[in-house]
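The form predicted on its own is given below as one chain in structure tokens.
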């Protein structure tokens, strides 16, 4: 075992040395701290210009406008990952009803933890929405906001139980419906420019840059909102499945031991 660890360490160090040499010799990062021509283009055209993204947040402009098709495929990969997870936990309607029933009183944490959780959940909802809806103005966006949003139901499951979350209406089925709405919204925003003679996922000048003097970055705010929804409830659907008690799953699957 010790010999294997030594060999592994030698391989890692050798690989790190080769990569360092390659980066230095090829000057991957260039010399100095100046901005490269492509970076200058994004900085100069993200907000200004007739066909810019009309957003001061350059990263969001790159993700949803300049390389929007790539981001669309990344969203599709995430969608397939969620579908794969749900397929592993595929249940019949009767089994779905069974896993929603608590055979005994579910274990909950102390009142202090539960009260603090309520406050934190409200804060998470506010912050996650802010991250997503200001993604065209400040660092953040739909995926980051949706990932933060998913922490809220996870805390509720830990402090109360999954039955509490489902009892308030957020079960796996509704989570998937909301997620489908989010994905459908992304697809519609991408296709709307075609109706006006534009190109798929075209931002300006198809979508308005401002609404009531508020800068929204054209299509960027819509993409961020729908991805916020899709990511947040997509993770929640998986969390609900993972929180099914092991004993109940064994009972459903007919596992004796």
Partner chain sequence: MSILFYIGALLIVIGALCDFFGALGLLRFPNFYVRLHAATVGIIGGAAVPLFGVALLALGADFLPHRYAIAGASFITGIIVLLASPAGSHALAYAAHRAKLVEWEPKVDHLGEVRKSD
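What you see is a predicted model, and the numbers here were worked out from it, not measured in a lab. Residue numbers count along the first chain shown, from 1.
Although it is not shown, the form predicted together with the partner chain is what the next lines describe.
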Answer yes or no: in the model of the complex, does the partner chain come within 4.5 Å of a heavy atom in every one of 154, 157 and 161?
-> no
Students should find that, of 177, 76, 123, 184, the residue having a non-hydrogen atom no more than 4.5 angstroms from the partner chain in the model of the complex is 123
Among 173, 92, 130, 110, which has at least one heavy atom within 4.5 Å of the partner chain in the model of the complex?
-> 110
Quick one: is residue 81 in contact with the partner chain in the model of the complex, heavy atoms, 4.5 Å cut-off?
-> no
Options 132-140, 67-75, 162-170, 111-119; stretch whose heavy atom lies within 4.5 Å of the partner chain in the model of the complex = 111-119
Stretch 227-241: residues contacting the partner chain in the model of the complex, 4.5 Å heavy atom cut-off | none
